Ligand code: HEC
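One chain comes next, on its own, written as structure tokens: the form predicted alone.
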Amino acid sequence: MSHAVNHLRNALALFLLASAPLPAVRAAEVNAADLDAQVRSVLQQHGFTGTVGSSIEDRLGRPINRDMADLGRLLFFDTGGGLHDDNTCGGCHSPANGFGDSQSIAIGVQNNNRVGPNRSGPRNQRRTPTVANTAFYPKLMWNGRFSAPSGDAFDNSEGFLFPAPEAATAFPPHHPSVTHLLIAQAHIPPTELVEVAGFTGTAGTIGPEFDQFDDGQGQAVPSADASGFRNEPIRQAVLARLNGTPAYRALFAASFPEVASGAPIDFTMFGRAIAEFEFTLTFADAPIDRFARGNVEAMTVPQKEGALVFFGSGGCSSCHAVAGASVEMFSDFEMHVIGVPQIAPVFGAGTGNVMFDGPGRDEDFGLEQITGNPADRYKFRSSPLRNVALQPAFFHNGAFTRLEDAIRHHLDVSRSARGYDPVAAGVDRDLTYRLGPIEPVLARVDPRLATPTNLSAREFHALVAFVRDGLLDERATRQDLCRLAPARVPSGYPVMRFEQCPQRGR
């Protein structure tokens, strides 16, 4: 009797197993296929191919010169390029953070020789943007002050446009050596007082307006636009250092025949080497790229649903665009007011190196600093979103330290800005004491953000998954990029201590 009952039960179980699950599985398969089709259609509508990351050498019209790139890598991390030996590109562009800032607001010169959470020293005005993928950017920096009028960083047929003193004349159309925007831009950091050069030992290199600012301790401080700087004498001082270093002479000679023949290293060579290294920092093979190229398994279901929110109901792609001049970088590279709360360090007394804008010296006027047009006040370039998960802070001043909070800000700008608490936002303590006025910022906010965007909890979490993980190239993570920080540099100066890169730079 028991055997018959068991047989009956087994038969019933087999029947249920064979019949009930099949419709559910088929439904799931239909839903998955439908989701894939929707994402594929959206990407096609926006012209997204997922191939930009492999196009760098085609756009350059040549292979990347690996020897020159390695020379640029050493220059990138060598504090000998600064007049006070206390900072270099790698001090603000941290390999542990996708070659972006380790801080909410950058700390340049006069730092404690650390790169990471415990970096200390006087702050500048903004967060250092990432170097990764900048080979494709037609505008560089938060206020877009270095740009290619052609709309293509690889095309200097219209020259490159910089602020004074370079302006439109330093890198004219069809310059034989300055063939890319990054080559031109690499001429600038060594001359920036708050970034690399420092404030002393630059006699005769700055205009008279520099002297009108003082930190109360007899230390001259530059205005935010730095329009009075005359940069060439600083460059010549850096070149004297390079030409006086036999190891650098040998390295430059390997890449530049003129140097091998006895000619001095010039600054165009410096710019070309730095840019060549930056060309290697192309990390644009994220799950969305692999999906676009046909691998439907590259993205998770939440990432796919988030992509539909990003390009659809979330309205994100209106500014974080991918088509045309956006070069699949998730930015329109235009300037917008998005209502970011204004935070500022305490100026002077060793905490701030830049005089901020506004009557309270606690504002950042953004694009207006470059154009002089009050209509451009509080405008900043749309941030490219690739590898944004590697950032420790978000927006031009790092006012938010959690990606979820940065996304929430976009969805309801007025509520976020008016309720902003820097302590709750997680910024460093020295940035919690001064908040600039927010109502003037909100009065100018981009119309696309003036009305709140309502997302369900599922849509929000999917959007976060897409932006955080769907746009992340895993080659840009800490484990791989920390290997690029050298243990020694040709100048012989100590390499900075990269706190999040064990055994690097010690």
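In this text, residue numbers run from 1 along the sequence as written. The model shown is predicted, which means the values in this text are computed figures rather than measured ones.
The same protein has a further form, the form predicted together with the named molecule, not shown here; the description that follows concerns it.
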property	result
Proximity of residue 260 to the named molecule in the model of the complex, heavy atoms at 4.5 Å	no
Any non-hydrogen atom of residue 74 within 4.5 angstroms of the named molecule in the model of the complex	no
Contact of residue 458 with the named molecule in the model of the complex (heavy atom, 4.5 Å)	no
Any non-hydrogen atom of residue 352 within 4.5 angstroms of the named molecule in the model of the complex	no
Single option in 435, 251, 417, 385 placed near the named molecule in the model of the complex, where near means a heavy atom within 4.5 Å	385
Position in contact with the named molecule when the complex is considered in the model of the complex, options 82, 314, 98, 287, heavy atoms within 4.5 Å	314
Region of this chain that lies against the named molecule in the model of the complex, out of 169-177, 403-411, 239-247, 295-303 [heavy atom, 4.5 Å]	403-411
Site test, 131, 320 and 391 vs the named molecule in the model of the complex, non-hydrogen atom cutoff 4.5 Å	yes
Residues from 257-292 in contact with the named molecule (non-hydrogen atom within 4.5 Å) in the model of the complex	270, 274, 278
